[in-house]
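So this first bit is one chain, no partners, the form predicted alone, shown in structure tokens.
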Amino acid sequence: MPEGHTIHRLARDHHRDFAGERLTVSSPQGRFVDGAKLLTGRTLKSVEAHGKHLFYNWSAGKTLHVHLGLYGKFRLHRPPIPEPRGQVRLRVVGSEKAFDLNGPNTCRVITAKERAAVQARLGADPLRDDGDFEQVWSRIGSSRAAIGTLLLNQSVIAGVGNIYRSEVLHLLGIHPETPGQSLDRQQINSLWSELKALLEIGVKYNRIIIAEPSEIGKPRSRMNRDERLLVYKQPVCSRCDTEIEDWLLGGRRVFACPKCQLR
């Protein structure tokens, strides 16, 4: 499932390419026909992201809610627009570009009340201006659950997935099994700040990059996958050469260094 940096990058790019235009909306697959009828011919005003959720704000107060889930994928097109490829749930066509959406978990027109309910279930997003550290401190600092589990809970911090949780805990030397309430305010503040910085890098380069250029000897734009990550699916720790351990935590496999991240 795409992590928060991907969703915010999509929101940024779709806002740039389509906001302010009166768009043609269709559902080649046929599963979004009623929603497409509500949107086609209307002007897209803005596109926002909150965690792993996208909100397309249209004229007349219409909102399109998209959650990609495990299999959702966007394809961007330029004229001539090709025939739909696969099961295209949503096609949006503007004056210069178009996009298709295949296989999303959610694609529906929602009311303002429904949108508020979706966002109320989400935690603070490090990439949003309204991201609230105090909320994060309250939810992590009072929980007995393992921090590695809490970081996958979208009601705690929205947008963090499996790669970011392994990497940020490694950077801060925190064992994934550490209970949230065992972390002090400074540790949780460092966690929040580090995630914000890493996600911003992810948006800029459209990929997860953890390693510093000084560590690798090349700019971020030229790092390959193995160079970009320090602990996730890596054989040994980049700091101490200790063999990386991995196990299931919160339903996903977490990666950690047993020497740098003591229990």
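Counting begins at 1, following the sequence as shown. These numbers were taken from a predicted model, which means no experiment stands behind them.
In what follows, reference is made to the form predicted together with the DNA, a form of this protein that is not presented.
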For this session: Please name which of the stretches 92-100, 123-131, 182-190, 67-75 has residues with heavy atoms lying within 4.5 Å of the DNA in the model of the complex.
Result: 67-75
For this session: Check whether Tyr232 has any heavy atom within 4.5 Å of a heavy atom of the DNA in the model of the complex, and answer yes or no.
Result: yes
Problem set entry | Partner contact for His8 in the model of the complex: the DNA, 4.5 angstroms, heavy atom | no
Exercise. Taking heavy atoms and a 4.5 Å cut-off, does Lys196 contact the DNA in the model of the complex?
Worked result: no
For this session: Mark Ile163 yes when one of its heavy atoms lies within 4.5 Å of a heavy atom of the DNA in the model of the complex, and no otherwise.
Result: yes
Exercise. Thinking of Gln87, Ala145 and Thr149 as one candidate spot, does the DNA come within 4.5 Å of a heavy atom in every one of them in the model of the complex?
Worked result: yes
For this session: Note which of Arg31, Lys204, Lys37, Arg42 lies within 4.5 Å of the DNA in the model of the complex, where distance is taken over heavy atoms; exactly one does.
Result: Arg31
